[in-house]
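Consider the single chain below, provided in structure tokens and representing the form predicted on its own.
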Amino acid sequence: MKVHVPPIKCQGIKTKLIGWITEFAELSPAGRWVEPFMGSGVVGFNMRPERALFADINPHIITFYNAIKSGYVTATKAKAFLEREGAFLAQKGESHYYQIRERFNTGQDPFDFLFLSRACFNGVIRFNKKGRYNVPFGHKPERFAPAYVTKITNQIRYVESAVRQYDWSFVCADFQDIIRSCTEADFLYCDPPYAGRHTDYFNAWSEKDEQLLLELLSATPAKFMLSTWHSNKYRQNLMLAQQADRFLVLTREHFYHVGASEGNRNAMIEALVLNYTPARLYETSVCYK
């Protein structure tokens, strides 16, 4: 299947797992697709539900997509912006990156957020305790070549088309409020930061948060799918192991590459946790009930 990559990327993006995830999602025609942890939004964007609620605690992600929905950010405007700022970056190097970073931390413009997410180190989205974006320069002054700008603007154009066609809402909210608002007609897709695995991208995520999330999912009347990690060669997700007898758990090996070297490319056993039995299962999946 063709996977549509979003214009804003996040750590742990599920681009290479879309086919696996969407195979098991069972959205009711009468309900909403609900993501309490939108992040990149890549799963929902590829599901293309008629109605969707995308939520995240990071206001900059939500502001960016609402800017597309309102028409403030368009593919045409983004192309002109990235061409202009990319030319300055090629000329001035890292000083221009840090100038844009400071401008964003002052004015929080979604165009600056887009630029930083593509020019920073390894595409990381990270904020300090004061809410200021603090990712260093990615050391690629020629980053915004014509083909790369076209790629990004096409990604924005895809979202533009979708928000015109479908009833999609983007809200900045806590995951607890979003999950508690769901009805039995809704489908919940949860992709939280992995406890013990991912560094903070806007606010902390602890084992206590993970436990609260599992309690809320246990009580929800909606169907849910939770993306999490199962294990790697060093350790196992013990919290998931404690829940394995309550839900259906599907697993699949996946590689993440975070960092500058191939030495940081490690195999991870991904898990999908479901409170229902899907119509179809991959033959290669390992299932626990």
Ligand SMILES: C[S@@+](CC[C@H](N)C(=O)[O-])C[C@H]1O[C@@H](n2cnc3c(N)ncnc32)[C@H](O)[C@@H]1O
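Since the structure is predicted, the reported quantities are computational estimates derived from the model, not experimental observations. One-based numbering along the sequence shown.
There is another form of this protein, the form predicted together with the named molecule, and it is not shown here; the text below is about that form.
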Inset, instruction - Work out which of G93, G123, P136, P192 lies within 4.5 Å of the named molecule in the model of the complex, going by heavy atoms. - result: P192
Legend entry - Contact residue in the model of the complex, from M225, L240, V43, I62 (heavy atom within 4.5 Å of the named molecule): V43
Legend entry - Option from 97 to 105, 77 to 85, 170 to 178, 214 to 222 whose residues, in the model of the complex, bring a heavy atom within 4.5 Å of the named molecule: 170 to 178
Inset, instruction - With heavy atoms only and a cut-off of 4.5 Å, decide whether V34 touches the named molecule in the model of the complex. - result: no
Inset, instruction - Mark V273 yes when one of its heavy atoms lies within 4.5 Å of a heavy atom of the named molecule in the model of the complex, and no otherwise. - result: no
Legend entry - Contact of F144 with the named molecule in the model of the complex (heavy atom, 4.5 Å): no
Inset, instruction - Find out whether any non-hydrogen atom of I57 is located within 4.5 angstroms of the named molecule in the model of the complex, and reply yes or no. - result: yes
Legend entry - Residues of stretch 1 to 38 in contact with the named molecule in the model of the complex (4.5 Å, non-hydrogen atom): C10, Q11, G12, I13, K14, E35, P36, F37, M38
